[in-house]
Ligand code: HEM
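Read the single chain below, which is given as structure tokens and is the form predicted alone.
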Amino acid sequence: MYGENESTEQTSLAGFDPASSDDPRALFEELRKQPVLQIGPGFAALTRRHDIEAALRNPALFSSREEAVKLGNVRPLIPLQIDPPKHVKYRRILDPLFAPRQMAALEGEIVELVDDLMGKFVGRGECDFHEELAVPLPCTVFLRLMGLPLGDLELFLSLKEGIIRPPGATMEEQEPERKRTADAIYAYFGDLVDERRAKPGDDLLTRIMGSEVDGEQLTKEEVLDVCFLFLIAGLDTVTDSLDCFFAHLAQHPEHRRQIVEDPGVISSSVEELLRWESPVPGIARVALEDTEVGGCPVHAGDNVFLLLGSANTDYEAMPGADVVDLRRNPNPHLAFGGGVHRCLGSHLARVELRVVLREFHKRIPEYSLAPGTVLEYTPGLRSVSRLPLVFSPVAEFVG
């Protein structure tokens, strides 16, 4: 309840970001003492799993539309910022392209990419895992999927950073860089769509452009809005997850050894580390009507932050959620969101994460943080800017 503590909560949470906390689980436990937190004028956060699940299942009340989050885009991002019933049209086109079987077919290629990246550092006995594996892997997978030149990797990384982590301490200060970056994204993909219409390829972009629903293909603007979202999601969230996974494993050798000694635990380890770390700590919605959550008011027009990380560690809703269990099954975490807007790329992300856990530990079973390392987690999406690991050099690398 807000009650007498409303002004105190606004003050204590102003400017706070769970993603950058050294221990977000402890923070979330404290936040769950209230079902709704007023974190500023017109901004609220839901903290408890039951309430967050209900909000995810109710887009008619908690909408994902454009007002929920502004990223420099001039139209709603597809399908994220489109609610039902129109949302169904886009998912009917996109879901089959990202189905589990389609993504599983990419595993061999992803293994090769991981082998190539590891081959550059296994003989050194050290690496910056973030720079040398977590960043380039998902970006390269994205470029290959979309049929884009690998030489554009650095360009895409700069575009991603310009949207997700632009310079500036406030949204207002960040807006000019986001707008400049968004214009560059639209221009790049606008030219690319024109090229594909003239000369189709064997790639995901061509398949998106050629898909039909009720006899209609997507317009050029709709394709651009899909590409804008794919660039952000495809280039950052897997990087964030890999950073969080290996930062945890480097500091918890008992969990690392469990994966090394029993590779059969890798699939469930992916799910558990997604739950525990919640690299996307929360997602934004906008309330379309006045309502109450846990007896606390939420007003129409409020921006409502659904704290997925808090839901994932809410041990009152899910007994045992306050400990890491790499064999947890079932594991109904919300790391990929839920409801109609559940993450479109979740199956691809899982393949990439499983492959890295398997291939890395097969070749480098013993590693730790470089001495003196102090991890600094990034705001917004939980990641690290540096993740220096040390290990015994591998004399001969066999791919």
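Since the structure is predicted, the reported quantities are computational estimates derived from the model, not experimental observations. The first residue of the shown sequence is 1; numbering continues from there.
Quick note: we don't show the form predicted together with the ligand, though the next part is all about it.
message: Looking at 294-302, 72-80, 309-317, 160-168, which stretch has residues with any non-hydrogen atom within 4.5 Å of the ligand in the model of the complex?
response: That would be stretch 72-80.
task: Report yes if any heavy atom of residue 111 sits within 4.5 Å of a heavy atom of the ligand in the model of the complex; otherwise report no.
output: Taking the distances in the model of the complex, the answer for residue 111 is no, it never comes within 4.5 Å of the ligand.
message: With the partner left out here, check for me: in the model of the complex, does some heavy atom of residue 98 sit within 4.5 Å of the ligand?
response: Residue 98 belongs to the contact set for the ligand.
- prompt: Should residue 237 be counted as a contact of the ligand in the model of the complex, where contact means heavy atoms within 4.5 Å?
  reply: Looking in the model of the complex, residue contacts with the ligand include residue 237, since a heavy atom lies within 4.5 Å.
query: Would residue 341 count as touching the ligand in the model of the complex under a 4.5 Å heavy atom rule?
result: Residue-level check for residue 341: yes, a contact with the ligand.
- request: Would you check whether the ligand, in the model of the complex, lies within 4.5 angstroms of a non-hydrogen atom from each of 91, 337 and 349?
  value: The answer is yes: all three residues contact the partner (heavy atom, 4.5 Å cut-off).
message: Which residue, 45, 55, 353, 31, is the contact with the ligand in the model of the complex, using a 4.5 Å heavy atom cutoff?
response: For this set of options, the contacting one is 353.
query: Pick from 255, 130, 179, 87: which residue has any heavy atom within 4.5 angstroms of the ligand in the model of the complex?
result: Here the answer is residue option 87.
task: Check each residue of 120-137 against the ligand in the model of the complex and list those with a heavy atom within 4.5 Å, in sequence order.
output: Sequence-ordered list is empty.
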